[in-house]
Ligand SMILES: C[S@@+](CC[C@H](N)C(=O)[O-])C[C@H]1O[C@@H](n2cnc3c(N)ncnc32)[C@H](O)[C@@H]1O
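The chain below stands alone, shown as structure tokens; this is the form predicted on its own.
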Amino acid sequence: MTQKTRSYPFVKWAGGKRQLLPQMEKYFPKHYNRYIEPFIGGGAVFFHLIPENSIISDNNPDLINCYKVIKDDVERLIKSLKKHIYEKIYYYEIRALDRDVKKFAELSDIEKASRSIYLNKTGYNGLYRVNSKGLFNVPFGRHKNPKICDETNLRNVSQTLKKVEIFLGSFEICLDFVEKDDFIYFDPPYFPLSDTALFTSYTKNSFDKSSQLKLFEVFMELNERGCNLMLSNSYSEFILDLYKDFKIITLKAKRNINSNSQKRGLINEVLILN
């Protein structure tokens, strides 16, 4: 990209980093080969940096389909999004499309991406959550006037993604293509601060303690390869002990995903650097 196109996340994602960018800014490496983000989510860091050479991935098929459709066919996606309406009965009809496996499989990638973005814009608190069967289960949201189709940003995102490689897969796939001096940013589902704090789930396979340990192994291997590494996670005894040999920065984040309103507000998170 010779000229950076200003774009921002096209979906709201739990744990998004947009609010933390001012705190994170000074820790981004000034020079690196490629930018790689294996848990792309809403992509706040990616859209902030707009790196020249990038690889993004996630194991959420609905999300990755959105990125690919926006990259390759944004105009038809915009046309589809304009057909949606903000209405409760309609919302639940669209949400229920994945309950019929055969019918859902017949939807085009554009229709699936349109559905995903619509549900994100109009569902409760902009959440993406599925149950153990992989079925979207977020209730109808209470919004004044949700912007279902942000044409300008979608077109800008499409331009930003033109030279970006996009993969569907677990975070381990980055081991197949990372090289020395690449900058890899990990933003996994956070380790829960309590037994009841686990927010499930962005995919039907939850990110448990064994997944966190596997991620640590990948982090260690990439460190040995000479990569620039950055990882976000919860300020928890388990994470602090696991990454104790690396540089740990404490950030202040405002998080609203808690059923108890008294427990919403500023909390500590960690940024881990090698």
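Heads up: residue numbers just count along the shown sequence, starting at 1. Owing to the predicted nature of the structure, the values given are computational and were not obtained by experimental measurement.
FYI, the form predicted together with the named molecule isn't displayed, but the following is about it.
Considering the named molecule in the predicted complex, find the one stretch among 38-46, 244-252, 25-33, 222-230 with heavy atoms no farther than 4.5 Å from it. Answer to the contact question: 38-46.
Does residue 118 reach the named molecule in the predicted complex, with heavy atoms at most 4.5 Å apart? No, no contact at 4.5 Å.
Indicate whether residue 66 is a 4.5 Å heavy atom neighbour of the named molecule in the predicted complex. Answer no; every heavy atom of residue 66 is more than 4.5 Å from the named molecule in the predicted complex.
Classify residue 54 as contacting or not contacting the named molecule in the predicted complex by the rule of any non-hydrogen atom within 4.5 angstroms, answering yes or no. Judged by the heavy-atom cut-off of 4.5 Å, residue 54 is well away from the named molecule in the predicted complex.
Does the named molecule come within 4.5 Å of any heavy atom of residue 10 in the predicted complex? Flag for residue 10 set to no.
Does the trio 59, 171 and 187 actually contact the named molecule in the predicted complex, every residue with a heavy atom within 4.5 Å? Heavy-atom distance to the named molecule in the predicted complex: all three under 4.5 Å.
For a quick check, can you give me the residues of 94-128 that have a heavy atom within 4.5 Å of the named molecule in the predicted complex? If the 4.5 Å heavy-atom criterion is applied to the named molecule in the predicted complex, 94-128 yields nothing.
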